[in-house]
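The form predicted on its own is given below as one chain in structure tokens.
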Amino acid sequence: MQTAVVHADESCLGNGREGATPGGAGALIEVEVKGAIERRDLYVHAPDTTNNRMALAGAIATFALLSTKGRRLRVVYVSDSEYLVKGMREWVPSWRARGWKRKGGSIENLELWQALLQVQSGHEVTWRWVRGHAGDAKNEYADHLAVRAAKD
């Protein structure tokens, strides 16, 4: 089984302020093909969003791209979004077991969590968290892609 390593980040300009908050998500995707690493950049934009929604949208877009060849991949998804990583590791399994309900009310971004679960289901995924803006070169590159997507 081929392995893909994804380094992802998200950005939301003006997150938490009044007015439109454009966002972007970026990913550096690395796949080993015939002994060499092939790299591809991916980025998505939304005109008015949040960091959390962009983390989910970026992951959905990444898995949609990885699924185009119809092959099952081993994917290591590295993100500085605790929301995304903790959500996929811990929260989503609990929500599913309870019929998509939370102990304390409704699930924010439910449609995006469900879409991500669906699109990544064809792969063997490991979710890894990395501290953002801490000198990890590939996370910094993904941040650059995300900020550029948010601005453009």
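We number the residues from 1 along the sequence you see. Not measured: the values here are computed from a predicted model.
There is also a form predicted in complex with the DNA and RNA; it is not shown, and the following applies to it.
Chemist: Can you tell me whether Asp48 touches the DNA and RNA? I mean in the predicted bound form, with a 4.5 angstroms heavy atom cut-off.
Modeler: Asp48: no contact with the DNA and RNA in the predicted bound form.
Chemist: Could you confirm whether Ala20 comes within 4.5 Å of the DNA and RNA in the predicted bound form, counting heavy atoms only?
Modeler: No, no contact at 4.5 Å.
Chemist: So in the predicted bound form, does any heavy atom of Ala137 sit within 4.5 Å of the DNA and RNA?
Modeler: No, Ala137 stays farther than 4.5 Å from the DNA and RNA in the predicted bound form.
Chemist: May I ask you to state whether Arg128 is within 4.5 Å of the DNA and RNA in the predicted bound form, using heavy atom distances?
Modeler: Contact check for Arg128: no, nothing within 4.5 Å of the DNA and RNA in the predicted bound form.
Chemist: Based on heavy atom distances of 4.5 Å or less, which listed stretch (65 to 73, 95 to 103, 25 to 33, 40 to 48) is in contact with the DNA and RNA in the predicted bound form?
Modeler: Flagged stretch: 95 to 103.
Chemist: Along 108 to 139, which positions have a non-hydrogen atom within 4.5 Å of the DNA and RNA in the predicted bound form?
Modeler: Heavy-atom contacts to the DNA and RNA in the predicted bound form: Glu108, Asn109, Trp129, Arg131, Gly132, His133.
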